[in-house]
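Quick heads-up: it's one chain on its own, the form predicted on its own, in structure tokens.
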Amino acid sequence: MSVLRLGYVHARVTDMAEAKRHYGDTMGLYPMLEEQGRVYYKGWDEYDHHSLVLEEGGVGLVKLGYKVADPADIELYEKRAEQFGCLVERMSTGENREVGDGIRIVLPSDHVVELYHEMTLVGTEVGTHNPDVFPRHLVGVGAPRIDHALITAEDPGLADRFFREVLGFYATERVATSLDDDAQIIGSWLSTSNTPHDIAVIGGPNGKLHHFAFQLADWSDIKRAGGLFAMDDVPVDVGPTQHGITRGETIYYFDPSGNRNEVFSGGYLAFPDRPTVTWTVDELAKGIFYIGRELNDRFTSVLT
């Protein structure tokens, strides 16, 4: 039984035309389907139908979708979520375009998480038979795939418990008020795979999004993305720089609606038996931005 990975992000945008320019032309995602008020995208190295859905009207996060390894596991996750005290409902094939049966969970933080096993398989841009290492005609950044999301919660410790106890994630790193066992959790980075984080939660208002991220190959791709952001007048929040937490290389920036994005590379291989790294609040700036060791007001206050 396992949750495999983040499968999709649904995000609201205020201006679909501007959003399409950002995610299609600058980020280089592939448009897969367009319908009234929605556009579906995937990265070139993703084999399922989509990983990002833009919904016109407003700003912020609509929901996150996580793919599970076995359809039989969905019922077990449903029971666990109900026992945890969450509102849970079934979703049927076709309720989400190209997505099979699953469940929809409202977290204690008011975020919506969907679990599913099936999505229409369309394949990667390079295929599975003697593939090239990347497509010849990448557009813009050419992001290969979605990577993770960071959300905020009034009680990040409770959100940490949900992902661990209900979905079987494990905490790779945490920010806490002290090193004591009973310390309050300020932030938690959790993985269900071998990446440093598939979801992260920090203290803040319930139901809000801090950012969602795209994975790039390495530091050179991060710098190249920064150059493209300059060419396309993309508002950059922070970077290029490196995190202490996760050790990843990063740029934070905003889409035209004000949703914060990230391009992320590097980090370490994570495993469930790896001890959780703890950062104390007094070293939070070093943990978030290891090189500059400084947090700007915008990074901690702008949420959607």
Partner chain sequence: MPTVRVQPDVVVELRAEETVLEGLYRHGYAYRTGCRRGGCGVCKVDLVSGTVRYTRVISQAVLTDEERASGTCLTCRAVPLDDVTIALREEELSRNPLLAFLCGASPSTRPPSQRATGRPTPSIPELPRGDEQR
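Residue numbers count along the first chain shown, from 1. In this text, all values refer to a predicted model and were calculated from it rather than measured experimentally.
Not on display, but discussed next: the form predicted together with its partner chain.
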*According to a 4.5 angstroms non-hydrogen atom cut-off, is K286 in contact with its partner chain in the model of the complex?*
no
*May I ask you to state whether P240 is within 4.5 Å of its partner chain in the model of the complex, using heavy atom distances?*
no
_4.5 Å heavy atom contact, V139 to its partner chain in the model of the complex_ = yes
*asked:* Although the partner isn't part of this model, could you tell me whether S257 comes within 4.5 Å of its partner chain in the model of the complex, counting any heavy atom of the residue?
replied: yes
_Interface residue in the model of the complex among T250, T246, T26, S51, criterion: non-hydrogen atom within 4.5 angstroms of its partner chain_ = T26
*Just one of E95, E82, E89, D232 has a heavy atom within 4.5 angstroms of its partner chain in the model of the complex, so which one?*
D232
_Interface segment, criterion being heavy atoms within 4.5 Å of its partner chain in the model of the complex, picked from 61-69, 270-278, 33-41, 257-265_ = 257-265
*Any residue of 270-304 with a heavy atom within 4.5 Å of its partner chain in the model of the complex counts; write them all down in order.*
D297, R298, S301, V302, L303, T304
